[in-house]
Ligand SMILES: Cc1cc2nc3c(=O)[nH]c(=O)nc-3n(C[C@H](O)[C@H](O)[C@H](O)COP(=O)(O)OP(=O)(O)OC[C@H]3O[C@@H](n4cnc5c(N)ncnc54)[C@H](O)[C@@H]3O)c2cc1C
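Shown next as C-alpha coordinates: one chain only, the form predicted alone.
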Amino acid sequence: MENLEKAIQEIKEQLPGMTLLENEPMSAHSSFHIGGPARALAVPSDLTGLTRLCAILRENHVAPFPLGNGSNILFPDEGLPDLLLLSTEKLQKLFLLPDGAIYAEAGVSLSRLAAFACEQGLTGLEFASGIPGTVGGGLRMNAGAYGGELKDVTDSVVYYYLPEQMLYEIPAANCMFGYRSSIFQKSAGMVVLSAVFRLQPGSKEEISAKMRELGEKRRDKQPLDLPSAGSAFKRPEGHFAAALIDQAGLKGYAVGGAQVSEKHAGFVVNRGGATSKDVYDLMMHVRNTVYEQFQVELQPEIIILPPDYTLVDDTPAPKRNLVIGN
(Lines give C-alpha, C1' and ligand atoms only; values in the text may rest on other atoms or scores of the structure.)
Protein backbone atom coordinates (compact mmCIF):
# COMPACT_ATOMS: atom_id res chain seq x y z
CA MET A 1 0.00 0.00 0.00
CA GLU A 2 2.85 2.37 0.87
CA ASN A 3 4.55 1.62 -2.45
CA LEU A 4 1.34 2.32 -4.34
CA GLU A 5 0.84 5.67 -2.64
CA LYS A 6 4.43 6.64 -3.41
CA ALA A 7 3.97 5.64 -7.05
CA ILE A 8 0.76 7.68 -7.34
CA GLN A 9 2.51 10.74 -5.97
CA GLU A 10 5.40 10.32 -8.43
CA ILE A 11 2.99 9.94 -11.34
CA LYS A 12 1.37 13.24 -10.39
CA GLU A 13 4.75 14.97 -10.15
CA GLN A 14 6.49 13.47 -13.17
CA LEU A 15 3.51 12.96 -15.53
CA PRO A 16 1.21 15.91 -14.77
CA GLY A 17 -0.60 15.64 -18.11
CA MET A 18 -1.62 12.02 -17.67
CA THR A 19 -5.19 11.17 -16.75
CA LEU A 20 -5.06 9.64 -13.27
CA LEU A 21 -8.41 8.88 -11.66
CA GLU A 22 -8.18 8.21 -7.93
CA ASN A 23 -10.70 6.10 -6.01
CA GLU A 24 -12.50 5.59 -9.28
CA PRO A 25 -15.74 3.52 -9.15
CA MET A 26 -15.23 0.54 -11.44
CA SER A 27 -18.96 0.33 -12.10
CA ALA A 28 -18.28 3.12 -14.61
CA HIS A 29 -15.76 0.92 -16.44
CA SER A 30 -17.63 -2.39 -16.45
CA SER A 31 -20.26 -3.67 -18.86
CA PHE A 32 -21.92 -5.22 -15.79
CA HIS A 33 -22.18 -1.71 -14.22
CA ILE A 34 -20.87 -3.27 -11.01
CA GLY A 35 -17.83 -2.55 -8.85
CA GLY A 36 -16.50 -0.39 -6.05
CA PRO A 37 -13.61 2.09 -6.29
CA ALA A 38 -10.10 1.14 -7.36
CA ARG A 39 -7.31 3.13 -5.76
CA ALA A 40 -6.30 4.58 -9.12
CA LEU A 41 -6.91 4.26 -12.84
CA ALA A 42 -4.15 5.57 -15.12
CA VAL A 43 -4.94 6.36 -18.76
CA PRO A 44 -1.81 7.07 -20.86
CA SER A 45 -2.48 8.95 -24.09
CA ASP A 46 0.26 7.21 -26.09
CA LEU A 47 2.99 4.57 -25.91
CA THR A 48 5.57 7.04 -24.63
CA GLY A 49 3.36 7.96 -21.70
CA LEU A 50 2.65 4.30 -21.03
CA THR A 51 6.33 3.36 -20.86
CA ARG A 52 7.11 6.31 -18.55
CA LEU A 53 4.21 5.31 -16.30
CA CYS A 54 5.37 1.69 -16.18
CA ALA A 55 8.90 2.78 -15.28
CA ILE A 56 7.56 4.61 -12.23
CA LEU A 57 5.44 1.63 -11.23
CA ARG A 58 8.33 -0.81 -11.62
CA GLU A 59 10.65 1.38 -9.53
CA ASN A 60 8.06 1.27 -6.76
CA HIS A 61 7.34 -2.47 -7.16
CA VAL A 62 3.74 -1.81 -8.16
CA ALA A 63 2.05 -4.16 -10.61
CA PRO A 64 -0.78 -2.57 -12.62
CA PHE A 65 -3.78 -4.48 -13.91
CA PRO A 66 -4.26 -3.90 -17.67
CA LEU A 67 -7.80 -2.78 -18.49
CA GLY A 68 -9.47 -2.85 -21.87
CA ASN A 69 -13.18 -2.17 -22.25
CA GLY A 70 -14.17 -3.93 -19.02
CA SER A 71 -16.60 -6.06 -21.01
CA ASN A 72 -15.74 -9.42 -19.40
CA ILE A 73 -14.72 -8.45 -15.86
CA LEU A 74 -16.56 -8.66 -12.55
CA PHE A 75 -15.17 -6.07 -10.15
CA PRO A 76 -15.70 -6.55 -6.38
CA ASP A 77 -18.29 -4.49 -4.50
CA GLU A 78 -15.73 -3.42 -1.91
CA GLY A 79 -13.43 -2.04 -4.60
CA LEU A 80 -9.73 -2.56 -5.12
CA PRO A 81 -7.99 -0.24 -2.64
CA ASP A 82 -4.55 -1.75 -3.26
CA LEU A 83 -4.68 -1.73 -7.06
CA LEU A 84 -3.76 0.62 -9.89
CA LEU A 85 -5.38 -0.18 -13.21
CA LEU A 86 -3.70 0.68 -16.49
CA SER A 87 -6.17 1.56 -19.25
CA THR A 88 -5.17 1.29 -22.91
CA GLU A 89 -8.35 3.00 -24.13
CA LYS A 90 -6.48 5.95 -25.70
CA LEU A 91 -4.26 3.73 -27.85
CA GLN A 92 -6.40 4.13 -30.95
CA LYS A 93 -4.14 3.98 -34.02
CA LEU A 94 -5.63 1.90 -36.83
CA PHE A 95 -4.30 1.78 -40.39
CA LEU A 96 -3.46 -0.39 -43.38
CA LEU A 97 0.17 -1.45 -43.74
CA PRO A 98 1.93 -1.38 -47.15
CA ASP A 99 1.71 -5.19 -47.42
CA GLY A 100 -2.07 -5.14 -46.94
CA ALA A 101 -2.14 -6.19 -43.27
CA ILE A 102 -3.97 -4.14 -40.63
CA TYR A 103 -2.18 -2.47 -37.70
CA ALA A 104 -4.34 -1.77 -34.64
CA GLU A 105 -3.46 -0.50 -31.19
CA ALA A 106 -4.83 -2.10 -28.03
CA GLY A 107 -7.60 0.44 -27.38
CA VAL A 108 -9.29 -0.03 -30.76
CA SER A 109 -12.66 -1.71 -30.35
CA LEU A 110 -13.16 -5.01 -32.12
CA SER A 111 -16.28 -3.64 -33.80
CA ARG A 112 -14.26 -0.72 -35.22
CA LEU A 113 -11.52 -3.11 -36.34
CA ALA A 114 -14.05 -5.31 -38.14
CA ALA A 115 -15.68 -2.29 -39.79
CA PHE A 116 -12.27 -1.02 -40.97
CA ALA A 117 -11.46 -4.43 -42.45
CA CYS A 118 -14.77 -4.35 -44.31
CA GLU A 119 -13.98 -0.89 -45.70
CA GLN A 120 -10.69 -2.25 -47.03
CA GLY A 121 -12.37 -5.25 -48.64
CA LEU A 122 -10.67 -7.70 -46.27
CA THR A 123 -12.48 -10.74 -44.91
CA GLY A 124 -11.88 -12.78 -41.75
CA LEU A 125 -12.98 -10.43 -38.97
CA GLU A 126 -16.73 -10.51 -39.52
CA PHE A 127 -17.18 -12.60 -36.35
CA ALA A 128 -15.66 -9.78 -34.27
CA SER A 129 -18.09 -7.09 -35.39
CA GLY A 130 -20.39 -7.54 -32.40
CA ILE A 131 -17.87 -8.43 -29.69
CA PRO A 132 -17.88 -5.55 -27.18
CA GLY A 133 -14.18 -5.75 -26.29
CA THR A 134 -10.97 -4.12 -27.51
CA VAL A 135 -7.97 -5.43 -29.42
CA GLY A 136 -5.94 -5.67 -26.20
CA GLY A 137 -8.59 -7.47 -24.18
CA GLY A 138 -9.60 -9.58 -27.15
CA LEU A 139 -6.06 -10.87 -27.69
CA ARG A 140 -5.64 -11.57 -24.00
CA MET A 141 -8.60 -13.96 -24.06
CA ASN A 142 -8.45 -14.94 -27.75
CA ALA A 143 -11.95 -13.58 -28.25
CA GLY A 144 -14.18 -15.36 -30.68
CA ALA A 145 -17.73 -15.94 -31.87
CA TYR A 146 -19.61 -17.86 -34.53
CA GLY A 147 -16.68 -20.14 -35.36
CA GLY A 148 -14.02 -17.42 -35.60
CA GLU A 149 -11.26 -16.48 -33.16
CA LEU A 150 -8.64 -13.72 -33.14
CA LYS A 151 -5.89 -16.33 -33.35
CA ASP A 152 -7.10 -17.14 -36.85
CA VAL A 153 -6.26 -13.68 -38.18
CA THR A 154 -3.45 -12.43 -35.91
CA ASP A 155 0.01 -12.13 -37.46
CA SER A 156 1.97 -10.69 -34.53
CA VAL A 157 1.51 -8.82 -31.25
CA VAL A 158 3.56 -6.05 -29.63
CA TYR A 159 3.51 -5.96 -25.85
CA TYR A 160 5.26 -4.24 -22.99
CA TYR A 161 7.02 -6.54 -20.55
CA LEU A 162 6.96 -4.87 -17.14
CA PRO A 163 9.76 -6.77 -15.36
CA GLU A 164 12.26 -5.83 -18.08
CA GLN A 165 10.77 -2.44 -19.06
CA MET A 166 10.95 -3.44 -22.72
CA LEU A 167 8.75 -3.57 -25.80
CA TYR A 168 8.65 -6.89 -27.63
CA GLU A 169 7.01 -8.33 -30.71
CA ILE A 170 5.88 -11.92 -30.71
CA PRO A 171 4.53 -13.92 -33.69
CA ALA A 172 1.06 -15.36 -33.34
CA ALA A 173 2.48 -18.88 -33.37
CA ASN A 174 4.20 -18.14 -30.04
CA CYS A 175 1.20 -16.49 -28.36
CA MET A 176 -0.05 -19.81 -26.96
CA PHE A 177 -3.54 -19.05 -28.23
CA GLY A 178 -6.12 -21.52 -27.00
CA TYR A 179 -9.82 -21.52 -26.31
CA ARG A 180 -10.37 -18.17 -24.54
CA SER A 181 -6.72 -18.05 -23.48
CA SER A 182 -3.30 -16.79 -24.52
CA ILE A 183 0.21 -16.24 -23.25
CA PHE A 184 -0.90 -12.77 -22.13
CA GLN A 185 -3.15 -14.39 -19.53
CA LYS A 186 -0.61 -16.98 -18.45
CA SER A 187 2.50 -14.81 -18.04
CA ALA A 188 2.37 -11.95 -15.55
CA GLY A 189 3.62 -8.54 -16.59
CA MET A 190 2.68 -8.54 -20.28
CA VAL A 191 0.61 -5.55 -21.46
CA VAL A 192 -0.69 -5.84 -25.03
CA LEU A 193 -0.05 -2.64 -26.98
CA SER A 194 -0.86 -3.44 -30.61
CA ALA A 195 -1.22 -6.18 -33.17
CA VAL A 196 -0.99 -6.86 -36.88
CA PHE A 197 -3.88 -8.73 -38.48
CA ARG A 198 -3.52 -10.53 -41.80
CA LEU A 199 -6.76 -11.09 -43.69
CA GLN A 200 -7.87 -12.22 -47.12
CA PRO A 201 -9.30 -10.09 -49.94
CA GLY A 202 -13.06 -10.29 -50.25
CA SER A 203 -16.16 -8.55 -51.53
CA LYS A 204 -17.17 -5.53 -49.43
CA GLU A 205 -20.81 -6.31 -50.11
CA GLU A 206 -20.48 -9.93 -48.96
CA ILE A 207 -18.44 -8.96 -45.90
CA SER A 208 -20.99 -6.31 -44.93
CA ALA A 209 -23.86 -8.75 -45.46
CA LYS A 210 -22.18 -11.34 -43.24
CA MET A 211 -21.68 -8.73 -40.49
CA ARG A 212 -25.36 -7.77 -40.70
CA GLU A 213 -26.38 -11.43 -40.53
CA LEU A 214 -24.29 -12.04 -37.42
CA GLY A 215 -25.59 -8.81 -35.88
CA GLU A 216 -29.16 -9.98 -36.35
CA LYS A 217 -28.33 -13.33 -34.73
CA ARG A 218 -26.90 -11.53 -31.71
CA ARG A 219 -29.94 -9.29 -31.36
CA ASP A 220 -32.30 -12.25 -31.70
CA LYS A 221 -30.55 -14.56 -29.25
CA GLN A 222 -28.55 -12.45 -26.79
CA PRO A 223 -29.84 -10.20 -23.97
CA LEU A 224 -28.26 -7.01 -25.34
CA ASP A 225 -30.79 -4.83 -23.51
CA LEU A 226 -29.37 -5.66 -20.05
CA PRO A 227 -25.88 -5.20 -18.58
CA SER A 228 -23.79 -8.36 -18.75
CA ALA A 229 -20.24 -9.51 -19.39
CA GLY A 230 -20.98 -11.74 -22.35
CA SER A 231 -20.84 -15.51 -21.98
CA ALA A 232 -20.54 -16.33 -18.30
CA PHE A 233 -18.90 -19.73 -18.79
CA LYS A 234 -16.49 -21.26 -21.25
CA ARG A 235 -17.75 -23.98 -23.57
CA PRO A 236 -16.98 -27.34 -21.88
CA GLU A 237 -15.53 -29.98 -24.16
CA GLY A 238 -18.28 -31.93 -25.88
CA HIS A 239 -21.05 -29.68 -24.55
CA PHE A 240 -22.55 -26.20 -24.71
CA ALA A 241 -22.73 -24.29 -21.43
CA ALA A 242 -26.01 -22.57 -22.27
CA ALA A 243 -27.70 -25.88 -23.13
CA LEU A 244 -26.56 -27.50 -19.88
CA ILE A 245 -27.74 -24.51 -17.84
CA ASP A 246 -31.10 -24.53 -19.61
CA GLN A 247 -31.51 -28.30 -19.16
CA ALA A 248 -30.74 -27.86 -15.46
CA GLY A 249 -33.81 -25.63 -15.22
CA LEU A 250 -31.81 -22.52 -14.39
CA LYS A 251 -32.90 -20.15 -17.13
CA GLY A 252 -34.35 -17.13 -15.32
CA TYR A 253 -32.90 -18.18 -11.95
CA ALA A 254 -31.94 -15.12 -9.91
CA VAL A 255 -29.87 -14.14 -6.90
CA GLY A 256 -30.57 -10.58 -5.85
CA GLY A 257 -30.28 -8.38 -8.91
CA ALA A 258 -28.35 -10.97 -10.92
CA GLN A 259 -30.18 -13.38 -13.18
CA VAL A 260 -29.51 -16.16 -15.66
CA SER A 261 -30.88 -14.54 -18.79
CA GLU A 262 -34.33 -15.68 -19.81
CA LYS A 263 -33.30 -15.09 -23.42
CA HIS A 264 -29.95 -16.93 -23.43
CA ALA A 265 -28.98 -19.21 -20.53
CA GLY A 266 -25.27 -18.66 -21.20
CA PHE A 267 -25.50 -15.05 -20.02
CA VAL A 268 -25.75 -13.66 -16.50
CA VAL A 269 -27.39 -10.23 -16.53
CA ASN A 270 -27.76 -7.34 -14.12
CA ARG A 271 -31.50 -6.86 -14.07
CA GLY A 272 -31.12 -3.87 -11.74
CA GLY A 273 -29.06 -3.23 -8.62
CA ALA A 274 -27.01 -6.42 -8.82
CA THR A 275 -23.91 -6.61 -6.68
CA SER A 276 -20.71 -8.47 -7.43
CA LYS A 277 -21.64 -10.95 -4.72
CA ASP A 278 -25.03 -11.53 -6.40
CA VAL A 279 -23.31 -12.39 -9.68
CA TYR A 280 -20.66 -14.55 -8.03
CA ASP A 281 -23.17 -16.47 -5.90
CA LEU A 282 -25.39 -17.01 -8.93
CA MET A 283 -22.51 -18.30 -11.04
CA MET A 284 -21.41 -20.68 -8.30
CA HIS A 285 -24.97 -22.00 -7.91
CA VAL A 286 -25.16 -22.57 -11.66
CA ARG A 287 -21.78 -24.28 -11.67
CA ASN A 288 -22.66 -26.57 -8.76
CA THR A 289 -26.10 -27.45 -10.11
CA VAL A 290 -24.77 -28.31 -13.57
CA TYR A 291 -22.06 -30.48 -12.04
CA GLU A 292 -24.53 -32.30 -9.78
CA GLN A 293 -26.86 -33.06 -12.69
CA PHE A 294 -24.43 -33.72 -15.54
CA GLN A 295 -20.97 -34.17 -13.96
CA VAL A 296 -19.68 -31.37 -16.18
CA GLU A 297 -17.62 -28.68 -14.49
CA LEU A 298 -18.22 -25.22 -15.95
CA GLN A 299 -15.31 -22.76 -15.94
CA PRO A 300 -16.00 -19.01 -15.76
CA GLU A 301 -15.22 -17.05 -18.90
CA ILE A 302 -15.68 -13.84 -16.94
CA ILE A 303 -12.59 -12.55 -15.12
CA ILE A 304 -13.52 -12.37 -11.44
CA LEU A 305 -11.48 -9.88 -9.41
CA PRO A 306 -9.97 -10.82 -7.06
CA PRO A 307 -8.42 -13.50 -7.14
CA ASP A 308 -7.77 -13.57 -10.91
CA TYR A 309 -5.29 -10.71 -10.55
CA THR A 310 -1.66 -11.89 -10.36
CA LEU A 311 1.22 -9.69 -9.26
CA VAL A 312 4.17 -9.19 -11.57
CA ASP A 313 7.26 -11.19 -10.63
CA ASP A 314 10.70 -11.54 -12.19
CA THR A 315 10.05 -14.88 -13.86
CA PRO A 316 11.26 -14.61 -17.48
CA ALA A 317 8.54 -14.73 -20.09
CA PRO A 318 8.90 -17.13 -23.05
CA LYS A 319 11.29 -16.17 -25.84
CA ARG A 320 10.39 -12.96 -27.61
CA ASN A 321 11.55 -10.85 -30.54
CA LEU A 322 12.93 -7.49 -29.42
CA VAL A 323 11.40 -4.33 -30.89
CA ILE A 324 12.58 -1.47 -28.72
CA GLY A 325 14.42 -1.15 -25.42
CA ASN A 326 13.69 1.84 -23.21
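Since the model is a prediction, treat every value here as computed from it, not as a measurement. Residues carry their position along the shown sequence, with the first being 1.
Beyond what is shown, the protein has a form predicted together with the named molecule; the following relates to that form.
_Counting any heavy atom within 4.5 Å as contact, can you tell me which stretch out of 257-265, 291-299, 271-279, 65-73 lines the named molecule in the model of the complex?_
Among the candidates, contact is made by 65-73.
*Please check if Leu21 has a heavy atom lying within 4.5 Å of any heavy atom of the named molecule in the model of the complex.*
Answer no; every heavy atom of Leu21 is more than 4.5 Å from the named molecule in the model of the complex.
_Any non-hydrogen atom of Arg218 within 4.5 angstroms of the named molecule in the model of the complex_ = Although the named molecule is absent here, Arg218 would touch it in the model of the complex, with heavy atoms inside 4.5 Å.
*Using a 4.5 Å heavy atom cut-off, state whether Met190 contacts the named molecule in the model of the complex.*
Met190: yes, in contact with the named molecule in the model of the complex.
*Give a yes/no on whether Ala117 approaches the named molecule to within 4.5 Å in the model of the complex, heavy atoms considered.*
Heavy-atom contact with the named molecule at 4.5 Å: absent for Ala117.
_Using a 4.5 Å heavy atom cut-off, which residue among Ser31, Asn60, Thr51, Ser45 comes into contact with the named molecule in the model of the complex?_
Selected residue: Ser31.
_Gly230, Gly121, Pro163, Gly124 - the one with a heavy atom within 4.5 Å of the named molecule in the model of the complex_ = Only one option qualifies, and that one is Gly230.
*Output the sequence-ordered list of residues from 111-143 with at least one heavy atom within 4.5 Å of the named molecule in the model of the complex.*
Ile131, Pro132, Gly133, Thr134, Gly136, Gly137, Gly138, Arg140, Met141, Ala143 sit within 4.5 Å of the partner.
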